[in-house]
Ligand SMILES: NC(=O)c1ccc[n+]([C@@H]2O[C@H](COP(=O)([O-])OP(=O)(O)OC[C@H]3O[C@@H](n4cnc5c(N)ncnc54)[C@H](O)[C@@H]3O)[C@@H](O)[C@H]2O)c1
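Shown below, as structure tokens, is a lone chain in the form predicted on its own; questions about how it binds or moves come after it.
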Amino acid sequence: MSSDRPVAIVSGGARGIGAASAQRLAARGFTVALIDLPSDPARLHPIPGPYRQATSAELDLATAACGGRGEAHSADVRNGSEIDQVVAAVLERHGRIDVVVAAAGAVAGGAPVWETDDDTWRAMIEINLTGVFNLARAALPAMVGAPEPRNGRFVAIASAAAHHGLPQMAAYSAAKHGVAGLVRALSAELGDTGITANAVAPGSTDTEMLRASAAIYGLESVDGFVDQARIGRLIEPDEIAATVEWLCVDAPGSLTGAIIDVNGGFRA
């Protein structure tokens, strides 16, 4: 069946930037499919370090916060076949995909490059970069195949680490640099299809990832990152989500291939 309401897919939707983006899109009239991988030891490839993965309860709360316009999907962005299944289910139920927000991410580190273990490297690349690739590969064919005029939007969440090399987080920095390159390549390939591809690069945002980053650096709290921002405070997830919303709804179709910094004046 085909829906008259626009449809968005948001990965990493259980909390943080993903959840805030889903809520903003739902408020703008979208049906939103929230993807996350609630912590289930039977399914997970563990993420090294202090990062806490989302729970089923968090995904349910984020979905409910979409005011009846959200639907929860459990899938691992590292697994292309699982993402294919979610996209197929969304298309079968709603008949369209208008917006994709690739917000799923994780952080790990704590050692220089030459001491980084295989598990940390693999987790950072697979979650933060391959996860964006899997979502793009699964969803874009339906978006490109939609009737004209098309105005689809693909938005990835990069990071200040897409522009800076973060010490003891080489794998994470490499993955986020890769997100920027992937988005730029997508914008070139999408060309005149009417679909844009952009990324948002947040600075120190008050999320579970920042709390894990504080632990990696031996900081007592996330307040240790305030000095990185010229605005003198941490960024709220909703501030990043506001930029995501603008890119998905109000930004001109000529804006594509951009990596938009929302970083509070980040200084490494």
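Bear in mind that the values here come from a model prediction, so they are computed numbers and not experimental data. Numbering starts at 1 and follows the sequence shown.
In what follows, reference is made to the form predicted in complex with the named molecule, a form of this protein that is not presented.
Next on the checklist: For the interface check, one of 101 to 109, 85 to 93, 142 to 150, 188 to 196 should have non-hydrogen atoms within 4.5 Å of the named molecule in the model of the complex; which one?
Outcome noted: Stretch with heavy atoms near the partner: 101 to 109.
Checklist entry - Taking the shortest heavy atom distance, is residue 203 within 4.5 Å of the named molecule in the model of the complex? => result Yes, contact at 4.5 Å.
Next on the checklist: If we define contact as a non-hydrogen atom of the residue within 4.5 angstroms of the partner, is residue 71 a contact of the named molecule in the model of the complex?
Outcome noted: Contact check for residue 71: no, nothing within 4.5 Å of the named molecule in the model of the complex.
Item to check | the named molecule contact in the model of the complex: residue 63, any heavy atom under 4.5 Å | outcome: No, residue 63 is distant from the partner.
Checklist entry - in the model of the complex, does residue 14 have a heavy atom within 4.5 Å of the named molecule? => result Looking in the model of the complex, residue contacts with the named molecule include residue 14, since a heavy atom lies within 4.5 Å.
Next on the checklist: If the cut-off is 4.5 angstroms on heavy atoms, which of these, 155, 138, 175, 77, is the one near the named molecule in the model of the complex?
Outcome noted: Filtering the options by heavy-atom distance leaves 77.
Next on the checklist: Can you list, in sequence order, the residues from 205 to 219 that come within 4.5 Å of the named molecule in the model of the complex, counting heavy atoms only?
Outcome noted: Contacting residues: 205, 207, 208, 209, 210.
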